[in-house]
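One chain is shown next in structure tokens, namely the form predicted on its own.
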């Protein structure tokens, strides 16, 4: 018997014994089964800045996990060995949702990130883990491309505290040709996160010749300002040759610095540069008096001058979740 998956916009119709595009939902005897449920393939302790989240418990340790599988097929994926793999070909271990809070505590983590591949692909495991962790007083973070239908996304956001969502380009053709998806569901996911009170930060990986023109960057920034607000942090990330895109060079530093300037000229208050060492690309400044509030070096907090979430100089409230 055929089954149809209603989780993401792809709506895969799956033959008996076959799997959907995410590789982890299989039609077993007419029942759609998520075969990676409870079986992560990666478990690490990271700094929260690595997600990247710069306005959410800075300096904190975060337990990060993933299963195999992804419902997008980005040609530049840095975790393609697991995101584009079949579950039977990758070693995994048993970690049920109810055990996750204790595991996080054992590593002195009060935050958990569902990351590396995409938590919306291993949705059922993510949702049940978020429920168990929230009940235990642990914060849940989604690091995702946001490619999910609205009803399941609403349910997941209800148990999520923060998200970093990849806005890969403000271009539907880019999503179709480079990622095997579409733009509109991602925009919906971004707006819904703000509406539901999930702390949101956005990442845009700038890839030479594909989404790096001034016009591309300005359109993305303008959409963010209009729909998410000027106080939503934006992280421009440097591309390195990877997976099916090893023919392109790394993003030039001048491109990232120009993107930074475009975002600021559009009116975004909190703009960052990742995967590249710059003088101020990782630091947080007060948008009012320009005082340096948080100084970072890669994933390390060197200085934090915030006082109860405010600038100590002019008392401007800085948006984020600070303690």
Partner chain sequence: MTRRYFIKILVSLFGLIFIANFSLIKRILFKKYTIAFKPDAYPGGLKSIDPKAVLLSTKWKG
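No experiment lies behind these values; they were computed from the predicted model shown. Numbering follows the first chain given and starts at 1.
Another form, the form predicted together with the partner chain, is not on view; read the next lines as being about it.
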Problem set entry | is_contact(residue 33, the partner chain) in the predicted bound form, heavy atom dist at most 4.5 Å | yes
Problem set entry | 4.5 Å heavy atom contact, residue 53 and the partner chain in the predicted bound form | no
For this session: State yes or no: in the predicted bound form, is some non-hydrogen atom of residue 285 no more than 4.5 angstroms from a non-hydrogen atom of the partner chain?
Result: no
For this session: Examine residue 13 and determine whether its closest non-hydrogen atom to the partner chain in the predicted bound form is within 4.5 angstroms.
Result: yes
For this session: Go through 157, 199, 123, 170 and name the one with a heavy atom inside 4.5 Å of the partner chain in the predicted bound form.
Result: 123
Problem set entry | in the predicted bound form, the residue from 81, 212, 231, 128 that sits within 4.5 Å of the partner chain by heavy atoms | 128
Exercise. Among 272 to 280, 56 to 64, 287 to 295, 255 to 263, which stretch sits within 4.5 Å of the partner chain in the predicted bound form, heavy atoms only?
Worked result: 56 to 64
Exercise. Along 25 to 55, which positions have a non-hydrogen atom within 4.5 Å of the partner chain in the predicted bound form?
Worked result: 25, 30, 31, 32, 33, 34, 35, 36, 37, 39, 43, 44, 45, 46, 47
